[in-house]
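Quick heads-up: it's one chain on its own, the form predicted alone, in structure tokens.
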Amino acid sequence: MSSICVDVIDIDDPADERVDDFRDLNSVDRRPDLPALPGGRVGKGLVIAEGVLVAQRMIASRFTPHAFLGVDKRLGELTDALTVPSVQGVPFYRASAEVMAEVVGFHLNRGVLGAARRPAALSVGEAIESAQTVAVLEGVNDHENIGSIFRNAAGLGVDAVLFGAGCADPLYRRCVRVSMGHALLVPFARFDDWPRGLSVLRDNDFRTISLTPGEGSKPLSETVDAPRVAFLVGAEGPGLSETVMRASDVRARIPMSRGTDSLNVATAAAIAFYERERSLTT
């Protein structure tokens, strides 16, 4: 333990104000990962990492943790990750599972949490600067779908995730957890002007591909061979808006059988990512 850079502080009282950044994680209106609004209203705008693996990825990301809360066993499992200079002097509040449960509002099986403040958001231009493949989301407001898309993106060679209108917060705790921490590692940005902002992709030589089972779409495998590709995906049910599909270069479909007309958005995105990765390696 002598090699770790964090300051280990034992917490016995669940009312201790030092662990307020981890308090009431399930609260609709008090949880600390609610985005902060002007005037200090609503939330603290924190990013919460849940579990050893996600905490490790937070430490490796641009979301620098400013505090941890966990049981002694998880502190031991994080020893290697806690030796890096970026966590020098950061408090690790060590508590029993019972005290942790009272702080966060439920029993936390994963046994450790990290908290970080949100850095300045990336612009779309910064996110795509060196990218070959990006995902663009419209109207995807399910946190688990967004988390799954980030995990798929990390595993299948997607360099950035971009958000259009109507999408949920990718830094919500459930998104970060479902993504296995990859929402902290895969660059992402929001368009300021949707859908006109898609012009930045054309200006940077991306082929924009709308994923849709609709009439007139080409088989996915025939569309992914451009040097730079952006996959556009919409929410389950409505899919992409017609305005966005008209603004894209091509419409593509995933061939399906047995009368199935669509897939879960994260599953469809994963197939598109795989097809693109396969085209780059064959």
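One-based numbering along the sequence shown. Since the model is a prediction, treat every value here as computed from it, not as a measurement.
Below, we refer to the form predicted in complex with a further copy of the same chain, which is not included among the displayed structures.
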(message) Counting only non-hydrogen atoms and a 4.5 Å threshold, tell me whether 31, 135 and 173 all contact a further copy of the same chain in the model of the complex.
(response) no
(message) Would you classify residue 151 as touching a further copy of the same chain in the model of the complex, given a 4.5 Å non-hydrogen atom cut-off?
(response) yes
(message) Can you work out whether residue 94 and a further copy of the same chain are in contact in the model of the complex, taking contact to mean some heavy atom pair no more than 4.5 Å apart?
(response) no
(request) Mark residue 182 yes when one of its heavy atoms lies within 4.5 Å of a heavy atom of a further copy of the same chain in the model of the complex, and no otherwise. (result) yes
(message) Whether residue 157 contacts a further copy of the same chain in the model of the complex should be assessed with a 4.5 Å heavy atom distance threshold; does it?
(response) yes
(message) I need the one stretch from 62-70, 44-52, 216-224, 239-247 whose residues put non-hydrogen atoms within 4.5 angstroms of a further copy of the same chain in the model of the complex.
(response) 216-224
